[in-house]
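The chain that follows stands alone, in the form predicted on its own, written as structure tokens.
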Amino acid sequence: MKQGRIIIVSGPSGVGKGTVLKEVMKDDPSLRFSVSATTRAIRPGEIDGVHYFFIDKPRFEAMLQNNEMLEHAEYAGNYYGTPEKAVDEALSQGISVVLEIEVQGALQVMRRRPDAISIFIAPPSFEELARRLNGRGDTPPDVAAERLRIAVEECKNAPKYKYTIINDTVSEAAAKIRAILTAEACRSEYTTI
């Protein structure tokens, strides 16, 4: 059985990561989103092990001490992270695991797993990203402006990724990611004859 791969996908808020990944993954059973762990309380409608692994702070901190997280961050008083064991189990079953994560978490994974396929999704321009952020209708102008400022900083990290995709259109960006995954599957070190 072929070993799965870790696929890291990052990009600024509003760039369309989720939409592009939904298109890439819709007909590919060999891809699965990773399930993150969090210490925040479960919300109505969420299912443990599906939306997140909901664990308490002492357990999360023990996992950190034991080096069991591929990446982690603290946000609004709660921990978030990617448990390594769940990722490795999927990989051993030939499933490639998609980590749709922010830049700092992605850099942590790249350090731990240099063989990961890292893809940065960038906007066609910052003007277009501002239009997308403001066009959502649910983002106050001051929040959109702050997200745009953060986006500029995040885009400075794009050269640290193996690949950068410009999201002009969802179909083109999805096609480019599929091409990357096809090329990576053909690399000599992952192909046995």
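As the structure is a prediction and not an experimental result, all values here were calculated from the model. Residue indices: 1-based, along the sequence shown.
What follows is about the form predicted together with ligand 5GP, which we do not show.
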Verify the flagged residues 120, 156 and 162 against ligand 5GP in the predicted bound form: is each one within 4.5 Å by a non-hydrogen atom? no
Which one of these stretches, 138-146, 33-41, 163-171, 123-131, sits within 4.5 Å of ligand 5GP in the predicted bound form when only heavy atoms are counted? 33-41
Does residue 52 reach ligand 5GP in the predicted bound form if we count a contact as any heavy atom within 4.5 Å? yes
Ligand 5GP contact in the predicted bound form: residue 73, any heavy atom under 4.5 Å: yes
Consider residue 84 of the chain shown here, and say whether it contacts ligand 5GP in the predicted bound form, taking contact as heavy atoms within 4.5 Å. no
Can residue 101 be called a contact residue for ligand 5GP in the predicted bound form at 4.5 Å between heavy atoms? yes
What residues of 103-130, in sequence order, lie within 4.5 Å of ligand 5GP in the predicted bound form by heavy atom? 105
